[in-house]
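Before any questions on how it binds or moves, here is one chain, the form predicted on its own, in structure tokens.
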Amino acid sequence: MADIGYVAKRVGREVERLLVQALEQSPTSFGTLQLRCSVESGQHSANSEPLARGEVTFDVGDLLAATDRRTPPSSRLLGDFALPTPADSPFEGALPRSYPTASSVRTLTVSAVSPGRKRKAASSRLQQSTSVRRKTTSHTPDLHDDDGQIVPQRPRALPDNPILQPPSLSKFINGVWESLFSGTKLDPVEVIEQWQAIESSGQPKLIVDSHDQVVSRGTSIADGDFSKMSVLARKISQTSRTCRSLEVVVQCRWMQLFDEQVATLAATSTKEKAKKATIAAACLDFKWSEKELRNKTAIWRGYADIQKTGGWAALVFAGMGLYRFCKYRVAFTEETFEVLRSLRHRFEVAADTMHTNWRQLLTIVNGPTTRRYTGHMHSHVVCGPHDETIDLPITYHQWDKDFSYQHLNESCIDEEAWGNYDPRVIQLEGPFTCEACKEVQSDVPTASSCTCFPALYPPVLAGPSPVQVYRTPNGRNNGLLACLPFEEGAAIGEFVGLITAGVSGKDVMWGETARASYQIWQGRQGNHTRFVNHSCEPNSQFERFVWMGTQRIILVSKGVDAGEEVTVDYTDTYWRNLDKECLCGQPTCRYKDRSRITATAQG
């Protein structure tokens, strides 16, 4: 009966909360309180009787003293079974396995009413939609009752799937990618200039530029304090982010020099004495106690480890979880360092191509300031041999030694095929309404209500898609790799290329409107969607979407995890007469024996 006792104790705390709440609301309006409690089946009908019920009458005076020392507990829900949980409970919602599951639900109804008053059903249910996460440890902390006595607890069983949250390393890596693909600018020169420069009005350039940027937008609220403060807040946030990156860079370099100093002194002494002497000297410089310095350097040691394996980009663009990641060092294993080494070139490609001035932060420690990668990010194919990049044209030289590729943000019209006419246009003049959500569309963000693909439209708000072109390991040449997860229905990118017609013998995307049929060719110009490979079990698909009266073709996620290749189904139209085998490797692959099938069909 240990489980029943546990349930009863927690139910008792909720009853206590209700009593205190009733007394606090109107402690002098009645002389006694009557508590009614019933246990009902979750499948009960309107005429069914409770499984059990009871009533207790209390004198108000005996309970008034309790109001000053009670803390209303919270409640957690497992399936449809609601149990109150104290706010300081060490269980955090982790219930023993022997408790009822969704298939054997009981709903507990408790109410505290004064005799003669009508019970309000709305306040009687103890159900909330807070999700439950089980602990992944078998240790069960002691639980104390109100008198300070230890309440025996049965050991907590490990859940069937203990990894319900991403591990620390995954969180750290995602934080780096989020910073790299965000709109944050890490430019120390710009930060210093904006803070130091004073305009003729006597105001700092930082504030004057914020006002000018709002006015240049031409909005009706250009003179409003809110818009100016929004721009200013963004700049201050970027300044703070830049200073934070400078801080960790300096602290990392200090840790490296600390180790060098210890090694130098250890040449004529023991390592322990050398370390102690170096710490003593540092305490004088910092004016900290030895304990305080050791606490700080424990974190800085983590910064140095990350820089050594993941490079400066991993450290500079680390998210807000960097401090916690380095403090607890749970994921600091050789396996973690191996993963960071493999990601190092990928971080640097994204940093050098999207944040061209980020290396200026390293001048403060005499670090390398010359970019290793220039041009467009997708001109560098990652995950090459020995975790190095390959120039994009080289990966196509076996078929075309003169291959080149132009990266586009928008599709361009083949004038030889269409002149100045865009065959994708469905509606010439506004107002424009989304066919899917029926909301207004506009390139002006404040005037647009359509949120079907907010990562792409309005275009002024669109940022780079968190993907990289990578070298596939199984002979499929290049592919598209997701750096961050894409939830189901999220846009990965618009299929951009040359809008043409009459192309044959080449891979093209077909489009059709009521006015014309057209082709989109990405052979020599386009964007990252060109590199999406086929899979018989794809995690994305192409969808047609109309934005501002023009038909677009969008690559839409079906649910793509970080680090996963983005794939689509090329369909039978592509494979029908193709003498080629599918290399997707899926168990349900439909085209893995193409050579044999084609030979049989021809015979």
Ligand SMILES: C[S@@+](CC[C@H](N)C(=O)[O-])C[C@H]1O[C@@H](n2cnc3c(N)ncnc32)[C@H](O)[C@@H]1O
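We number the residues from 1 along the sequence you see. Everything quoted here is computed from the prediction, not taken from an experiment.
Not pictured, yet referred to below: the form predicted in complex with the ligand.
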(Q) Please identify the residue among N533, N174, Q525, T309 with any heavy atom within 4.5 Å of the ligand in the predicted complex. (A) N533
**Q.** Candidate from W510, Y396, Y328, Y421 lying within 4.5 Å of the ligand in the predicted complex - any heavy atom
**A.** Y396
Q | Proximity to the ligand in the predicted complex (heavy atom, within 4.5 Å), stretch among 472 to 480, 338 to 346, 310 to 318, 496 to 504 | A | 472 to 480
Q) Can E581 be called a contact residue for the ligand in the predicted complex at 4.5 Å between heavy atoms? A) yes
(Q) in the predicted complex, does F545 come within 4.5 Å of the ligand, counting heavy atoms only? (A) no
Q) Which residues from 447 to 467 come close to the ligand in the predicted complex, meaning a heavy atom within 4.5 Å? A) none
